[in-house]
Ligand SMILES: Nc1ncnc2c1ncn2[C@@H]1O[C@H](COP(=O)(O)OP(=O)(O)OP(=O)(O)O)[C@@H](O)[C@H]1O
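Presented as structure tokens, the chain that follows is alone, the form predicted on its own.
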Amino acid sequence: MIIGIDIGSTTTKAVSIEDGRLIRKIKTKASDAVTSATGAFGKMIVENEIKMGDIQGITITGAGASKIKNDIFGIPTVKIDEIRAIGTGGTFLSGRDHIIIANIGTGTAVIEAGPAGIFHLGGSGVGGGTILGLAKKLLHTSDFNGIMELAETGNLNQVDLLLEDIMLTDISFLNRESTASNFGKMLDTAGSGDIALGIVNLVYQVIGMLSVFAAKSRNVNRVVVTGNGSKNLIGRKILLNITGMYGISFEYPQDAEYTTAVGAGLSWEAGGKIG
């Protein structure tokens, strides 16, 4: 058994891999990388009654992996590059040989994975952290679930400048309801729900367009969405609208939020010894 741990900037995820299969998964939150990693590992073995002797090794990756300097609890521990972990995990969970991945976490990474290898195409600082940061300032809340509940009640006409506000007809393949400028209207009557929806719309439109450009540049007609942001139902609707305009579909594999941890576990033999 291999334990894969993705030590993120806000959430740490751990999975167990046995015979090339994903068996168990958990996630935790903690204030520092060491506490996150050891806490996730401890939760994994305690909740699932795993014997330490059954664990062949641990593979760590993610933003906090550099803070781990020694083996975890004496178990051989290796470190894997996060881009490789995302590409490996995304390929495994999607069941496809050649994919573009949009991994949405605090920010967003766009990755190509296929027979030729795994390549970091780029990305953006726009992601879940953007939603939380803007909401904290504009809505005075950092409760993600509360932000999404507000967004469900929102009306983009209150905050976004749409093509219908400036054009009398459709332009190119864009209809008049398409966004011309995020937050370009911002009416005095805009309420909290409208602002919340505007924030989410901005983030997922940016991610969607980056993904479209990446997919088209590689002659791929689909994008696999992974990371915590893959679970956002409002975000999925926004990406679906982009599919309608650009013909690039977005797919959400089961357990997509654990992609990086899964890729870490599967990459045990490729990892580099820490310490």
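From 1 onward, residues are counted along the sequence shown. Being a predicted model, the structure only gives us computed values, none of them experimental.
Note that the form predicted in complex with the ligand isn't included here; everything after this is about it.
- Interface residue remark: R236 is not counted as part of the site for the ligand in the predicted bound form, having no heavy atom within 4.5 Å.
- Residue contact check for G227: one or more of its heavy atoms lie within 4.5 Å of the ligand in the predicted bound form.
- Although the partner is absent here, I199 sits far enough away that none of its heavy atoms falls within 4.5 Å of the ligand in the predicted bound form.
- Under a 4.5 angstroms non-hydrogen atom cutoff, the ligand in the predicted bound form has K29 among its neighbouring residues.
- Screening L93, I111, A135, I104 for any heavy atom within 4.5 Å of the ligand in the predicted bound form leaves a single hit, I104.
- Contact with the ligand, judged by heavy atoms within 4.5 Å in the predicted bound form, is confined among 126 to 134, 156 to 164, 69 to 77, 182 to 190 to 126 to 134.
- Of the residues in 1 to 34, those that come within 4.5 Å of the ligand in the predicted bound form through at least one heavy atom are, in sequence order, D6, G8, S9, T10, T11, K13, K29.
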